[in-house]
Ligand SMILES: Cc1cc2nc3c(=O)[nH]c(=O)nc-3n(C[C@H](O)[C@H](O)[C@H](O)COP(=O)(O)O)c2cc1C
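One chain comes next, on its own, written as structure tokens: the form predicted on its own.
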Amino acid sequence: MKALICYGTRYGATKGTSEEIAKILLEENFDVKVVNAQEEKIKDVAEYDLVVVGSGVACGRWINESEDFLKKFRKDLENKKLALFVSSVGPIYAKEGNIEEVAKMRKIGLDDRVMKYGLKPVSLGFFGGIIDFNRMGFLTRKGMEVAFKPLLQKHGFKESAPDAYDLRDWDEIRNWAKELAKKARG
């Protein structure tokens, strides 16, 4: 089976997640193409059996190019096995036990996109992202530091680089990709 993974990223989390999903799909004997929607435009999805679309989410917004991909190919995706995933700060809220906020983020990041474009995905992935304070503008950085830095430290999230925190759970991502491979064949 041929798979396309098309993603958009802010701080690199969605890129890394896409690459890990691709690795698992390759192990499951898929022929996989991974595309950064911000760098390469896909002209056609006809040759792919499985299409995976990923995006970083900030303030409830997808990366523009990932959203544009969904808009452009929404009709073509009706006849494909489709999966969507997002990278977010959800794990922070989950550690806080704030299930309502996690559900709200999942709804905005995934369920609302499914409804908006009339999609029928076989799987939805809601993963952690990267918070990289070094790559934020001054005001965003200050707001994020106040809102999240104490929580990151409180819940033991480790810096992957100075002032950058990786919130991804690699086992969760790998297990999701293995399940996706089964669903794509089904």
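Don't overthink the numbering: it's just position in the shown sequence, from 1. These figures come from a predicted structure and were not determined experimentally.
Beyond the structure shown, there is the form predicted in complex with this ligand, which is absent from this document and is the topic of what follows.
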Region of this chain that lies against this ligand in the predicted complex, out of 66 to 74, 117 to 125, 25 to 33, 53 to 61 [heavy atom, 4.5 Å]: 53 to 61
Though only this chain appears here, would residue 45 touch this ligand in the predicted complex if you measure heavy atom gaps against 4.5 Å? no
Flag residue 153 as yes or no: does it have a non-hydrogen atom within 4.5 angstroms of any non-hydrogen atom of this ligand in the predicted complex? no
Contact test in the predicted complex: residue 130 vs this ligand, heavy atoms, 4.5 Å: yes
Does the 4.5 Å heavy atom contact test between residue 89 and this ligand in the predicted complex come out positive? yes
Within 10 to 27, which residues come within 4.5 Å of this ligand in the predicted complex, counting heavy atoms only? 10, 11, 12, 13, 14
